[in-house]
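You are given structure tokens for the same protein chain in two forms, set apart as structure 1 and structure 2.
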Structure 1
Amino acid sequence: MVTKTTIAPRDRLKTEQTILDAIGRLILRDGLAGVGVNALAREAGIDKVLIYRYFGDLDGVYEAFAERGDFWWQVEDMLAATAEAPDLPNALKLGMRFHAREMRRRPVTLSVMAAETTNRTPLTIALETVREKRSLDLFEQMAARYPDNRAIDIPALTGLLGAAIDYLAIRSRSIKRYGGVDVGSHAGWERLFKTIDLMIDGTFADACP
């Protein structure tokens, strides 16, 4: 019985996509540090020389991967998520919830951000750039929407809460509890959000006796 082994047609674009898919899986499974030319070729099931031919370099793969990746929320989505807030504090509360949800939804982003704490590769740099740009955009839009900045250090406030959310999201990949809070469950994060709400409200309501 002659099984006509169907030969895959030669297609450069398809091969490139195969490589980009593979690097996503690789980052997810072994982290950014586990990515190498040999490992990537093995994971993609192609010859490593094709990586050099099509992307020139491993960094070239990173750049291509960064371009077509959905690593961060869009500013318009953040604005929509906070649209129904009557004032700045409530917008911040909704924004923090949105940010946390979007982060936890992107495990590859979390993996890259984890690597960001130790190394600085083209991928982390690309992600950093996107993040800074979107944050700046958001700040402008928010300032226009809520002109009354009540002498509160908004950058410090959002920086602190954002850092906390980022770090807890990153660490939740490998640990379940952080300082007595279950960062692996929906309930645990709801608990955090309630406290965040309290902190934000309290900060804005400092004119109390």
Structure 2
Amino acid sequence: MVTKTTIAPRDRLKTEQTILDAIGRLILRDGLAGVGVNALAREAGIDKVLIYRYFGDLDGVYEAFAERGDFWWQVEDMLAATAEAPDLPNALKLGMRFHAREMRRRPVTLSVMAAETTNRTPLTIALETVREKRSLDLFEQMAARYPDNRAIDIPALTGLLGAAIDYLAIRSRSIKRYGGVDVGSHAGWERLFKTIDLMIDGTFADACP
């Protein structure tokens, strides 16, 4: 008689999280090229058959890491961080500060973003898909919260400012000054935020209803 091994739900969830945590360590230590089934199984300390059993294949692991891992902020957290803003310009200012803080505390995210333009892999594509989906969700919810009839391309504005923040956060991991600004210090980032505030204010002041 053949018996099947039953895995307790909490044991499975614990093992899945162990595997997802191992991806982050591999990326930081060995780069994107270092993430593979065998390397991941060794890093997680599990039999590689569990990777296939729980995630289907390596692409399934990537998708789970993108969705469930601590790679990118959640829309709900961004909405909470901007909840006290009285209008859209101030919400954008708070949002940029939240985004910068969240990026700077995520070394795995910065490592992936530094490499993704030259190393397009299923992992970077899965992570990019999650970023885009959450951004679109955020735009929709912010538009409902702060209706504004001025002709401003909010996705383009936040894309430019967010990309600048991402780049400087990536640079700050190894190069502390950029254009004379100390991007490795709190004071340096406060200089950046003050300028971002002025840019947002100027954009809304010049926009026509």
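Nothing here was measured: the structure is a model prediction, and the numbers come from that model. By convention here, residues take numbers in order along the sequence of structure 1, the first being 1. For the two forms, the rigid core is made up of the largest set of C-alpha atoms that agree within 1.5 Å on superposition.
A.B. asks: Which depiction, structure 1 or structure 2, is to be taken as the form predicted on its own?
C.D. replies: It is structure 2; that copy is the form predicted on its own.
A.B. asks: Rigid core aligned, does the Cα position of residue 39 differ by 2 Å or more between structure 1 and structure 2?
C.D. replies: Yes, because once the rigid core is superposed, the C-alpha of residue 39 moves 2 Å or more between structure 1 and structure 2.
A.B. asks: Does the distance between the two CA positions of residue 59 reach 2 Å or more between structure 1 and structure 2, the core being superposed?
C.D. replies: Residue 59 C-alpha, core-superposed: shift of 2 Å or more.
A.B. asks: Superposed on the rigid core, does the Cα of residue 29 end up 2 angstroms or more away between structure 1 and structure 2?
C.D. replies: Yes, because once the rigid core is superposed, the C-alpha of residue 29 moves 2 Å or more between structure 1 and structure 2.
A.B. asks: If the core is used for the superposition, what shift in Å does the C-alpha of residue 18 show between structure 1 and structure 2?
C.D. replies: Residue 18 C-alpha displacement between structure 1 and structure 2, core-aligned: 6.6 Å.
A.B. asks: Would you mind giving the Cα movement of residue 50 between structure 1 and structure 2 in Å, after fitting on the rigid core?
C.D. replies: Comparing between structure 1 and structure 2 after core fitting, residue 50 shifts 10.0 Å at its C-alpha.
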